[in-house]
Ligand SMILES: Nc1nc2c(ncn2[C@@H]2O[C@H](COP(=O)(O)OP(=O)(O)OP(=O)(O)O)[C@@H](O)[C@H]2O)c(=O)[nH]1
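Only one chain is included here, represented as structure tokens and corresponding to the form predicted on its own.
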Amino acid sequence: MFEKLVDSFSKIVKNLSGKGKISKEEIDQTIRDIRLALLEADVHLDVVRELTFLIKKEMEDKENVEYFTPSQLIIRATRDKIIDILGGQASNFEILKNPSIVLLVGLQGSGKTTTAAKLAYYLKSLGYNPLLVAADFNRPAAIDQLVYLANQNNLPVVYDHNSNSMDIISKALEVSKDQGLNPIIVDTAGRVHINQEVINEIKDIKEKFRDFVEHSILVVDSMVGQEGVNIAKQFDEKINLTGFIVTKLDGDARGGVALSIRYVTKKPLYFIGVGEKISDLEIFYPDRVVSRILGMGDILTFIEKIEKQIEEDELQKVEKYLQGDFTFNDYLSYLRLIKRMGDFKSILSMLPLSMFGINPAALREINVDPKQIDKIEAIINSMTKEERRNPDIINSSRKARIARGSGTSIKDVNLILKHFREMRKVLKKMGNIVKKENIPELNAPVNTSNIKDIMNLFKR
């Protein structure tokens, strides 16, 4: 996500590092580099022009301020101006009506049906009781897909293959009132291209259910580039959208749509899709996105993901781990946490790796294969309780038994034992750095080699 911009801005900042002052010529060259970086990331031309103008003005106004180095100046100016372009703060997605209808519209292939389920799942986590409605009768598989996702995640859904969009929404309103479900999230009909038929259908729905329709949200595929902004403009002009959701950002190295859509349409970008899991829908926080782009990570989102997945008693074990008291039971919990948190690359993108002297590009090929984790689980599950608590007792005969019990080889068992010991050693190193009394102030010294040690564990 945003890899092109991360790499480009990393080079721009590096070119300015070590300089005491910045000349007019260097400002002009930096602005040219920023313009090129934004265009290569598929940012809309109008946005590129406005951003580069504002960044250049900010740099020229502050070029003689002594307490800013040139690299600090470019980071500050770029951060502030992109955040302004993106609207400053996250846009609140509010449900004020009861019952409230949320129409999800978009072209086929945009991820609209999956996003409907993700949005319902997200709202359910906030305490709402959402109701899904399968109203895409142009693609019969869309109905089956939404029903499957709803059943998998314990979400109520209204569907009827032999109905039509008007009747199924009317039925959903009745179900909503009878069962106290709200909001009603409607997966409307999609088309390969925008045409009058799909526009008329959405207009008819909005007219018939005007007392209940609160949101008309366009789901846009990030992978389509600047065409996504054109699609957004056309939909907004014809049906008056209330906002957007941009999907598949995890698979798009550019991300220009997310940076352009609000400026061009003046409508909010509520959420971004960052993965295939039902929980991979995030609120769009402009400041956090810009922090990622400038190589400073997104620690707040990272912490939120951790908090959702780690139980309180697991958090209390961290101090024990940092003292070197780390067993195979703990190791197994750690592996399961990675599986629950989702794509490992997206987790890495949230960390301020460049601040620790680690090149983010060098870590993008790292991946944690879920099948490999399953194999490790099988090996650990084949150990006795005593072997898990004290791996040092595992000798050759025990390794052979563990390999037989897990359906793996002695070589696999040796590799896991090596990985485990390295991780235990690194955790103990970290414990020596991050002392308990320094954690609240966040002023413990950081040893770059230790961070790299942790990252190297995932390359093996």
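It should be emphasised that the depicted structure is a prediction, and the values quoted were computed from it without experimental measurement. Sequential numbering from 1, following the sequence displayed.
FYI, the form predicted in complex with the named molecule isn't displayed, but the following is about it.
Student: Within 4.5 Å, heavy atoms only: does G190 come near the named molecule in the predicted complex?
Tutor: Answer yes; at least one heavy atom of G190 falls within 4.5 Å of the named molecule in the predicted complex.
Student: In the predicted complex, is there a heavy atom of the named molecule that lies within 4.5 Å of any heavy atom of S291, even though the partner is absent here?
Tutor: Judged by the heavy-atom cut-off of 4.5 Å, S291 is well away from the named molecule in the predicted complex.
Student: Do K248 and the named molecule come within 4.5 Å of each other in the predicted complex, heavy atoms counted?
Tutor: Yes, K248 sits close enough to the named molecule in the predicted complex that at least one of its heavy atoms falls within 4.5 Å.
Student: Is T113 close enough to touch the named molecule in the predicted complex, meaning at least one heavy atom pair within 4.5 Å?
Tutor: T113: contacts the named molecule in the predicted complex.
Student: So which stretch, 74 to 82, 170 to 178, 272 to 280, 206 to 214, is the one near the named molecule in the predicted complex (non-hydrogen atoms, 4.5 Å)?
Tutor: Heavy atoms within 4.5 Å of the named molecule in the predicted complex occur in 272 to 280.
Student: Only one of S382, T265, Q145, S333 has a non-hydrogen atom within 4.5 angstroms of the named molecule in the predicted complex; which is it?
Tutor: It is Q145 that has a heavy atom within 4.5 Å of the partner.
Student: Which listed residue (G87, P156, G109, G225) meets the criterion of a heavy atom within 4.5 Å of the named molecule in the predicted complex?
Tutor: Of the candidates G87, P156, G109, G225, G109 is the one lying within 4.5 Å of the named molecule in the predicted complex.
Student: Is every one of D42, H44 and K56 within 4.5 Å of the named molecule in the predicted complex, counting heavy atoms?
Tutor: Negative, none of the three is within 4.5 Å.
Student: Using a 4.5 Å cut-off on heavy atoms, what residues in 131 to 151 are near the named molecule in the predicted complex?
Tutor: Heavy-atom contacts within 4.5 Å come from D136, R139, Q145.
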